[in-house]
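This document starts with one chain, in the form predicted on its own, laid out as structure tokens.
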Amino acid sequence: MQIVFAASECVPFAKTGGLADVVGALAPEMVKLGHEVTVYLPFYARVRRHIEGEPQFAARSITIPFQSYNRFVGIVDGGKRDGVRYYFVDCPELFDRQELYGTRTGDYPDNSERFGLFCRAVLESCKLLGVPDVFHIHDWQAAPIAIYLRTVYASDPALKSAAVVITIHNAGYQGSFPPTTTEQLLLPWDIFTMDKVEQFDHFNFLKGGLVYSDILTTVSKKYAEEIQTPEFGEQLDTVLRARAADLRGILNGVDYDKWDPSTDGNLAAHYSADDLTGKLSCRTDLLHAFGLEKIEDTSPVIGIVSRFATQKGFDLVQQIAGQLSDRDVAVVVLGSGEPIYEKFFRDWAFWHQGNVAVQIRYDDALAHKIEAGSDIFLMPSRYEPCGLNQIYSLKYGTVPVVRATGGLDDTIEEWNPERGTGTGFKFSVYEAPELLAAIDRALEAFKNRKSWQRLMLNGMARNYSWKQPAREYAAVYQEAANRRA
């Protein structure tokens, strides 16, 4: 089967979150199953850094029409990696920018044009470079592909048989733009209705993708259930309930070639379930990196690696920060995001310099060090479609404390000390005392080194590779293609 992935980010080329990891790992896994996979990305400035020499073009100039003007795009041939073909949509005036979606002051005001152009360029490119059996489109940035296919390109003999699968990585991000976006993208006005793309008098990219795709997927079974409710559906729950029969929850996998403490080149020492001694060296190295060398061996280290956003539960962390730092723990934090939480973490570290340390940035090598050197990993998310860090933590013998939502609930089993079963600690009610209680259960369990080691090994034994999710996606692609045929 021929499959085209269209996404706004993909490792190693461009990343702001888990979407990039998923696209970068799932595509080569599909190749292993015998499929032909092509990935299309915008040719951002940061993607350009991965091209050696002058870019080679698979298509030099493709005309993309807009309401009163045309833009002209090139398709850069990114070559093959792990069997996956990469193409980059080159439109310098729209994509040659340092950031993907916006600056600290807000989203780029022309994002509707940027990603509308990207989607139409993918379709036009496929007519030249190979039409797939299935388009797998990711999140709102690629959702217009489904809209275009079933409207403007509905009678195009080259494309009308192609199926579309859309994956919702986070329903909180939807791509909502003024009604005039309909005209701007040269789409018919009759789609600007409540049952199609209109949402609160705005053109909603994600909603259009949900309406016009053949099959909908999201990144965990629990999240597939949650987004059909008003609490988690981000006002798209009605649409999602209407398409419940076409909605699949497929838990993300992780790339164990990059996330394995027995081979991870970022670590001070390697270790495995058979020999955990190297984890102590990783802990020492981590504390040194954060300037917390005076922490006792009996004091657990709590790690956080995250985008700083309310979704991630940091309003709860803010409420318990004083109580937590008074306990016999060290806390190391890596991330950046909303200014209110960047300030909170800076202030927390300033007032508790003996046991709290924060670095406001993202550093991939340091993220690996935190996974390996921490004893506990904290993810108190308000909602979490899947989450990857808790899965990395399991592999690294770092015990997760999470809220029971989305993929966090699917992947973490509450520790039962009597039976010696479980992999972490969970809380359900989104309240600060509940979070603190879950952390306290973890701190109490840490005191018993023998049972704590059993808890670590339980997590390290779990396997969340991409092999099973890839098979599930292959079945979805076949189902979508059969429907369209």
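Note that the coordinates shown come from a computational prediction; the quantities given were computed from them, not determined experimentally. Each residue number is its position in the shown sequence, starting from 1.
What follows is about the form predicted together with a small molecule, which we do not show.
For the three residues G18, L334 and R361, a heavy atom within 4.5 Å of the small molecule turns up in the model of the complex in every case. Proximity to the small molecule in the model of the complex, taken as a non-hydrogen atom within 4.5 angstroms, holds for one residue of S213, T217, Q141, S306, which is S306. Site annotation in the model of the complex: the residue of Q311, N266, T181, S281 reaching within 4.5 Å of the small molecule with a heavy atom is Q311. Shown alone, this chain has one stretch from 363-371, 204-212, 228-236, 84-92 that lies within 4.5 Å of the small molecule in the model of the complex by heavy atoms: 363-371. Within this chain, M379 lines the site of the small molecule in the model of the complex, having a heavy atom no more than 4.5 Å away. Contact check for F290: no non-hydrogen atom falls within 4.5 Å of the small molecule in the model of the complex. Heavy atoms of N389 reach within 4.5 Å of the small molecule in the model of the complex, making it an interface residue. At the 4.5 Å threshold, heavy atoms of Y396 stay clear of the small molecule in the model of the complex, well away from it.
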